[in-house]
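Below you'll find only one chain, the form predicted alone, shown as structure tokens.
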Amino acid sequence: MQKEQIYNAAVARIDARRHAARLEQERRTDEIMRRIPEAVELDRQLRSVCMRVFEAAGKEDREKRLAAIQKQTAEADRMLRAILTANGYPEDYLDIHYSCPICNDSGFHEGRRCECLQREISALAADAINQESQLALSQFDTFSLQYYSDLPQNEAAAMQRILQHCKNYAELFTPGESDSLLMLGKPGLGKTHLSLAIASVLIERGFTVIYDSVGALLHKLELEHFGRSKSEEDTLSSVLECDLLILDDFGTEFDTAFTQSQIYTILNSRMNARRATIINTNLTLEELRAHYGERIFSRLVTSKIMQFYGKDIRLKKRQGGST
């Protein structure tokens, strides 16, 4: 999906919210007019006031008349709210309840894009990137601790703590506050499963999440950077701005000056903006330091480090291990 398509789709979502809010206000108005006769009379009075606004136009005492009309309108509104509460309704029942109180679902505020529109753009851009990813979302309830039951007690307990921490992380995730995670361990120990289970919960909660293998994502960034992609997408901006970024198979990408530069840019920018990143790697801390150097390594270890234990679960499944 290209930039213009993403923007138009985001604007359409905001427009749909505004239309739905107005339809709901009309439905509530019809309901009140049917059930509360006093409201009908007040509505008639308000319509009469509106007519007087037009009649006041062009006359010498126009401002005084308008002030008087505004006073009457405010009084009628106060009375209507009192009638609503007396009949068991919230006093703002007939107001239009927009999803975004900043821009009233217009998508713009003070001549700029509102946060709600920007969030829709970010979500659609993240969806477009994720659709190209070879990673499929996982669930916490399909992560079985039985695969770790044959480990030494301290390692099995560590895996139980990791599972609980990931569940809590997903449930309590807060942009700007939640830590980044660095998941270490040999292949097939559940790092990808748990990180994508976190992604599944966060997406359900309405956060923007991008997940992909680091190699695939860097390849996409390289194509866009050097103009070899026909797409008009700006993947780097989406990667830097999403609420959570998940990089899988960290350390398996081609080691070039471009990839090193992009990794540093992504980690450093997200760290400075307090945006969380989850990194899964088969490398040890010592191997990460040797592979990436101090500049990148120092940013990796600001994350909460989670060491995974066990034997390759995929191999266990093929051998008919316990589930």
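Quick caveat, the model's predicted, so the values are computed rather than measured. The first residue of the sequence shown is number 1, and the count goes up from there.
One more form of this protein should be noted, the form predicted in complex with a small molecule, which is absent from this view; the next part is about it.
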Exercise for the section: Scan 189, 242, 246, 198 and let me know which has any heavy atom within 4.5 Å of the small molecule in the predicted complex. Expected result: 189
Exercise for the section: State the residue from 313, 21, 10, 300 whose non-hydrogen atoms include one within 4.5 Å of the small molecule in the predicted complex. Expected result: 313
Fill in the blank from the handout: Note: the small molecule not shown here; in the predicted complex, the stretch from 113 to 121, 142 to 150, 170 to 178, 75 to 83 having heavy atoms within 4.5 Å of it is 142 to 150
Practice task
Decide whether residue 193 counts as a contact residue for the small molecule in the predicted complex under a heavy atom distance cut-off of 4.5 Å.
Solution key: yes
Practice task
Would you please decide whether residue 3 lies within 4.5 angstroms of the small molecule in the predicted complex, comparing each non-hydrogen atom pair?
Solution key: no
